[in-house]
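Here we start with a single chain on its own, the form predicted alone, put down as C-alpha cells.
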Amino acid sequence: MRLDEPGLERWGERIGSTIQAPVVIALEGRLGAGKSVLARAIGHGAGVEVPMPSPSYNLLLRYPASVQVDVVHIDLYRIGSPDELWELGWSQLGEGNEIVLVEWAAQAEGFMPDDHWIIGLTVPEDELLLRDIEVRRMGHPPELPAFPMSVSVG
C-alpha cells in the first residue's frame, strides 16, 4: 500500500485508538522514512497528550496514554549489542497494557517477542511525498485496523 503523510497519520491514529494491548509493533525503514511520524500518530490515537520526540538519545520513552494503556516508544538505532536490550527492561516490555513501538527493531533480532507486527516504510524513488507500506504479522498479535479509505495505490 502507498500512503501520503496525512494518510499515514490517520492510519496510525486508528491503530492507537483501536489496537488491543498488549501489543508490540516494529517500525522499519531508513532514516526519514516516517517511523517516528507513525509512532507519534499511534501514540496520539492511544491518548498521549504530550509531545513525543524521537527517543534516539534516550532509547526508551514511556507515555501514559489512556486510563488503561501506556505507549512505550523505543529507538534501537544506537545500541551497540543486544546485551543493551536488557538494560532497557526488554524482558518486561509488552507484558502489561502497553503499546510498544520499536524503531530499528532489527537491532533486537532474535529477541523480539513471538507475537508482533512489523510495519515497513519506504520512500518510493518516483514519489518522495508518499510512503510504501508493508505490514507483516509475526505469530498472533492483536489485529491491526485496515488502511484508511484515502489510500493512494501505487
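Quick note: we count residues from 1 along the sequence shown, nothing fancier. The structure displayed is predicted, hence computed values, not measured ones.
What follows is about the form predicted together with a small molecule, which we do not show.
*Asks:* Which is the contacting stretch out of 107 to 115, 82 to 90, 31 to 39, 45 to 53, given heavy atoms within 4.5 Å of the small molecule in the predicted bound form?
*Replies:* Result of the contact check: 31 to 39.
*Asks:* Quick one: does I19 come within 4.5 Å of the small molecule in the predicted bound form, counting heavy atoms only?
*Replies:* Taking the distances in the predicted bound form, the answer for I19 is no, it never comes within 4.5 Å of the small molecule.
*Asks:* Within 4.5 Å, heavy atoms only: does L144 come near the small molecule in the predicted bound form?
*Replies:* No, L144 is distant from the partner.
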